[in-house]
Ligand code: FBP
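Listed next as structure tokens is one chain, alone, in the form predicted alone.
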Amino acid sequence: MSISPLQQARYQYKPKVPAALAESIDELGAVQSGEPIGTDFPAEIREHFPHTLGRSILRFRIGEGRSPKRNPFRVAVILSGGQAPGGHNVIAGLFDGLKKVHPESQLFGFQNGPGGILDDDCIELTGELIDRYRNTGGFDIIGSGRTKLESEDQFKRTTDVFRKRNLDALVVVGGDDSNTNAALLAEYMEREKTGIQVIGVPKTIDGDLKSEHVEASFGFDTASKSYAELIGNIARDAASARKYWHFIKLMGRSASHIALECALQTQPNICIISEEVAEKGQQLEEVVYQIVTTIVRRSKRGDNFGVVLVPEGLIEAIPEINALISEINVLLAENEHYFTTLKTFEDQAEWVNKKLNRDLSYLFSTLPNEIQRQLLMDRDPHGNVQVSRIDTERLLVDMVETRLNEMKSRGDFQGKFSHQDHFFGYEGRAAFPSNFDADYCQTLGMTAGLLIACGANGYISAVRGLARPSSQWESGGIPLVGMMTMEKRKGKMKPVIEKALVKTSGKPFTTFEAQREHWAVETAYRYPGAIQYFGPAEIADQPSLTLQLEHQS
């Protein structure tokens, strides 16, 4: 197999980890930190987790706390959901951590996500195999999948497979839904006294799996920097050609963390933040008016070009569209069998229109046919519309163009409007991890292995102090139950890990807010360039601007 010079160089990179994890295992201990989490939660959450509720945060420190067991462990790992840069380093860190505990420990990987457990499709992850994937992007070492482990039958099947293979623990590398299922599986293992441990690892490029104690999900740093490079390139091209408005949709279904980070990195003319739209209750026409106003203002300066960033979840943040999507989700969930009998889009749209109330029916009928089709596409595993497949950027372009043509016919707009639209998603999900993500993921994996050696179950691997140099990070585990809330899924209230949305009162947003008026009119683009792997720490090792600003506050 031919490999690139960069790939060869990345094999040689030695991820930097917290000082405590670099020490001998004999010096390390797990310390309980703070009060038990979750004992004051609402009854509807507590009733789902009676056996794993009320546990304290664990921190790994030198010379104090409970020492890890020095037994050889047999541990399995799965990669769940979409790719995120650094996943291979989580596996490498887990392997290294288990070998640190005992040289005869073994690591196994179930292939293609949670479904691999149900199919009992497993391989041993040897040192030789893992070394071929260190510091590289993607999840291809064992593949990923979106099967949900959520039913009692699936939990029993998981237990049977683990007992057959004599496995001690499972590490679930995934986002909020995958770690929600990890929490439910951990509860089952505790209730049934199986002795099998379950540990989660926070993964999602969207950046929405974080809390007071989990500072960041891995992959966000690399993905947002990858997109920011592309946006900077487009901005430079726009300023050179001076004839196009570029509408760029960015991944981030529920949260706009990626869009906000990319705005801070590149200083576009417009960046829409879904959370702000939702808070202000802005209608679709108001969002369009905001864009049109900036285009007109810039045209009066002779600048008929610009850059607009749009989070993919924007359409759900607009109140009337959100109400429409929610109603369609319920209709399709409650009438799933009948809906599948409608073979044409026309029949589907007619049936939905009849079932909607008058206002939502009118809204649905005014949307372009292509957007209607996208709203009625196959649902995701949770029964929700697949927002990433809705061409929000094209909907905005069409509406903006219509409004500008109307203004031109009245003599209110003398400029030009030509446009290009883009969607950046897959381009960043499997990139070579940045030094930050390579270090962070190695630390998360090692921490997961040490949590298993300390007997933890129902915890998520967590690292504090991420804005500091990696040697000063502090690793440990957070009880998964402490991250739970109740949310409606397929028409029923279920416990889920709460998504962390952009806080409009937070330092990253207020920093953006203070500058966006200037960026709107001026051509003030910032060009971050490609991710750097070599050179001074201030160039190669810096965390995201979001993380730096959050720690300032």
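Residues carry their position along the shown sequence, with the first being 1. Predicted model, so just to flag it, every value in this text is computed and none were measured.
Note that the form predicted together with this ligand isn't included here; everything after this is about it.
Student: Three residues, 204, 253 and 429; all within 4.5 Å of this ligand in the predicted complex via heavy atoms?
Tutor: Yes, the whole trio is in contact, each within 4.5 Å by some heavy atom.
Student: Given the stretches 204-212, 328-336, 124-132, 303-311, which is the single one in contact with this ligand in the predicted complex, using a heavy atom cutoff of 4.5 Å?
Tutor: Stretch 204-212 is the one.
Student: Given that this ligand is left out here, which of 82, 143, 415, 115 has a heavy atom within 4.5 Å of it in the predicted complex?
Tutor: After the contact test, the surviving option is 82.
Student: Identify, from the list 388, 290, 265, 147, the residue with a heavy atom within 4.5 Å of this ligand in the predicted complex.
Tutor: It is 388.
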